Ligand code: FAD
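Next comes just one chain, in structure tokens: the form predicted alone.
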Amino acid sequence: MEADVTTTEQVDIAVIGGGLGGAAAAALLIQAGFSVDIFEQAPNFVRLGAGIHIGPNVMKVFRELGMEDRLASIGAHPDFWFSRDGRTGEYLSRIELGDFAKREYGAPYITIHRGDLHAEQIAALPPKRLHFDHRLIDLQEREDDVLLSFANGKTVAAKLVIGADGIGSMIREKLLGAEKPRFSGWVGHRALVDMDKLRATGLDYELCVKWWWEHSRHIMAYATKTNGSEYYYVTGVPVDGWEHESSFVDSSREEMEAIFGDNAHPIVRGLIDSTTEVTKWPFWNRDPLSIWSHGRLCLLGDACHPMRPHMAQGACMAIEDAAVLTRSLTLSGMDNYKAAFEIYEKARHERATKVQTISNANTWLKHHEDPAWVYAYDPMTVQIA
């Protein structure tokens, strides 16, 4: 593949993927003085997804970007992470958050709509640096740069390329060869509920609660707005397989009742009864990667350590990656990018792999444990070299 040098754009750092991790990487690198362009395959920004947790470990990154107070004003602030038996309602754990998190972990713990978080991240980026409708279809590593080819016909020569392009990462494929992710044997149902119906039950819906059944089936339910106007849940259900070609399919309240309704606690039944639209998504797995970078290419987030969402730390790990990678490049400089990538991977590999392993096991906070090793971590100050 050769490109016409007269039409190929030259950039310093290309971030492939403008999701939560890619947007964080771009913002942090730009703030640190690097020249960065973000290439996102979507044609424009859309408020996608539903709920997401942002722990104190990542709110510290948003503090660095000047976004902490804004996000805190949008999201909900649970005082606890509760784990409860899905039938009896018995409390299995009460993990203190709220003011305790601010005091002990150094920042608030919030739950928020993913689209609201992403919108704030996108708004913080220079518009001229954010390129929508750029789906990467090929790349060629050259001596002095990486030649990127996009489906829209554009070509870009980048000195460094950061792959923040998710579990189906083309950057990862170029590093390690083609390999499809494995179906994990689990699906998740995602739903926003009808708040009027929920309130009409007269029951107390806690701001952050995980309901558990046998075989680790569960419903994680939480508010996504400071004013309590939005409530969301995601399930985890073991299944025999995923036969659909699409990334998700429609589900139904009836399916929720069939899976969770048998002798369910009244609060769970109220949650299911208040369900309007619900979708079903497969959870995919990959083994931990042996390398995160090669030459001028480097990976972060789901591109190198995808995980099931059971710790509510998948996006958080990508944003932590972005912070440590930025610090590593700042320390070594772009010309010494190989050293920067080594520092980054050394600082991040053990932690990300541990979170990936625990997330996939689905044991996090089911019973009382100290979450400080996750929440008190500060990507902006942790020793990296």
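Note that the structure is a prediction, hence the values are computed from the model and not measured. Numbers for residues come from their place in the sequence shown, where the first is 1.
Keep in mind that the form predicted together with the ligand is not shown, yet the notes after this line are about it.
Can you pick the one in Cys316, Val61, Ala340, Val324 that has a heavy atom within 4.5 Å of the ligand in the predicted complex? Checked against the cut-off, the match is Cys316.
Candidate from Ile272, Cys208, Ile219, Leu136 lying within 4.5 Å of the ligand in the predicted complex - any heavy atom: By the 4.5 Å criterion, the partner-contacting residue is Leu136.
Tyr105 within 4.5 Å of the ligand in the predicted complex, heavy atoms: No, Tyr105 stays farther than 4.5 Å from the ligand in the predicted complex.
Is there a heavy atom of Phe45 lying 4.5 Å or less from a heavy atom of the ligand in the predicted complex? Output for Phe45 is yes: heavy atoms within 4.5 Å of the ligand.
Looking at the partner-bound form in the predicted complex, is Pro309 within 4.5 Å of the ligand by any heavy atom? Pro309: yes, in contact with the ligand in the predicted complex.
Residue-level question: is Val234 within 4.5 Å of the ligand in the predicted complex, judged on heavy atoms? Looking in the predicted complex, residue contacts with the ligand include Val234, since a heavy atom lies within 4.5 Å.
Heavy atoms within 4.5 Å of the ligand in the predicted complex: which stretch among 244-252, 152-160, 301-309, 175-183? Stretch 301-309 is the one.
Out of 138-167, which residues reach within 4.5 Å of the ligand in the predicted complex, heavy atoms considered? Residues within 4.5 Å: Ala164, Asp165, Gly166.
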